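Okay, here we've got a single chain as structure tokens, the form predicted alone, with questions on binding and movement later.
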């Protein structure tokens, strides 16, 4: 006899944001529309996870095992219909107008259903964030217009951030490590721009991206001092995709090798000043590591939810597996850790909205300008030309540096790195413990628990290894310098 499963899962309540993060209940009194928007984001996210992500997760995982180039285009078109790839773009410009809190809510809910499918959407945003870091208004407007117009036509726009190298790995994310690394890529300054030669590896969405943001030093013998950030279209002569990796987990999100053979990058596609690539990287990581940490918490939650469902249906010695005390204790330990880290990612998301990048959109001047300016003007070429003028660009850049200080970036690296490492370790521990609970029978592919286990391991390695994230926390906690 099969017992009815307990309601503990995203299949249960449509919205419980304040229940698991009570501090948001306090904020709701002061910022009602902000929190109500996040609650609506959770309702939408759970529906999308339940209806679009979960039903296809195992089949996509199987197809990607057979062909690492496979992408579920139907899923991505569903995501475009809901404006998910452009979710961070203001509604008036064609996006969903989501805050960081909204996007982190979606990240947790989506990853509870399938980390890989969610990552196809979310990690492409990381590439676009490379443009917003320097906050060149003309560049940001240009890409927003392109993304929104392509989405209307049903054509997805993918970005990739190419930082990892065969000979450097995670060294490219840490100043002290970069001093001693030997990069496999190098940029050479020429008339009108730069020439790139070398290789990048393990690049998420690398085989899909129309635009690639790439870090490369101008002098291999001095990588830290000369590291520079470039943007190039994937159609650039000399650029090509090498092998697409056959992976253990997160198969739905492709990872590729990128090859640069005398690739010319015009000077206007320089996205950081020469030698300031590491600063550019650090500012991006100060946001994205917290996002990855949130994703890992969703992954851990998904494994626990599947285990609760399995254990509440599985009969052993005349009773349900979930009725055994040792199972309840094992799952309770994981639930406590998930609850604690949920508070951490909520706190981090609030910091991004009120102190970091999203603060720029919450600035009263920017908000008023967006409200009163007609959409036709916002999306016009004339506004882009105006935004590209030196005076306007310098004013916006100055405002950004004033609002998002180095101290804020450093603090967000500290908290984001802590969240990422703790979340990834929890995902690995949770999925392993869940496998112990369900045993060999529960490890069958159809239950999805073994997939969660496979998906979890790489989270301890990407977005900086957990060892590197720990160093970033240590350095900022004690003021230590290598």
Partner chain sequence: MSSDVGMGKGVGGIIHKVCRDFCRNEIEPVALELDSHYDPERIKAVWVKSSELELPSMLIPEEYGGVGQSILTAAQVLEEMAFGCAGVATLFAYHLAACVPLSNAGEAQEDIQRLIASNGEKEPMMATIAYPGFEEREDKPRLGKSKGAFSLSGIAPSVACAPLADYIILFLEEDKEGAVSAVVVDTRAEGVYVGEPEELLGLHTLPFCDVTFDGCWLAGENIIAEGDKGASMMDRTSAAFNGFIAAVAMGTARSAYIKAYQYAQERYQFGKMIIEHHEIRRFLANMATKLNMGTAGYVRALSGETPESPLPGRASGLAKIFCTDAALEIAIDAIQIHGGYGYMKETGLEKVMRDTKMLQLLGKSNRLMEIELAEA
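Numbering follows the first chain given and starts at 1. Quick caveat: nothing in here was measured; it's all calculated off a predicted structure.
Quick note: we don't show the form predicted together with its partner chain, though the next part is all about it.
Between 309-317, 275-283, 152-160, 104-112, the stretch whose residues reach within 4.5 angstroms of its partner chain in the model of the complex through a non-hydrogen atom is 309-317. When its partner chain is considered in the model of the complex, residue 202 lines it closely, a heavy atom lying within 4.5 Å. Among residues of the shown chain, residue 55 is not one whose heavy atoms approach its partner chain to within 4.5 Å in the model of the complex.
Though the partner is left out of this view, residue 328 does not reach within 4.5 Å of its partner chain in the model of the complex, counting heavy atoms only. Residue 15 falls outside the set of residues with a heavy atom inside 4.5 Å of its partner chain in the model of the complex. Interface residue among 28, 37, 454, 414, judged by heavy atoms within 4.5 Å of its partner chain in the model of the complex: 454. Think of it this way: in the model of the complex, its partner chain has a heavy atom of just one of 180, 394, 376, 235 within 4.5 Å, and the residue is 180. In the model of the complex, its partner chain lies within 4.5 angstroms of a heavy atom of only one residue of 50-64, namely 62.
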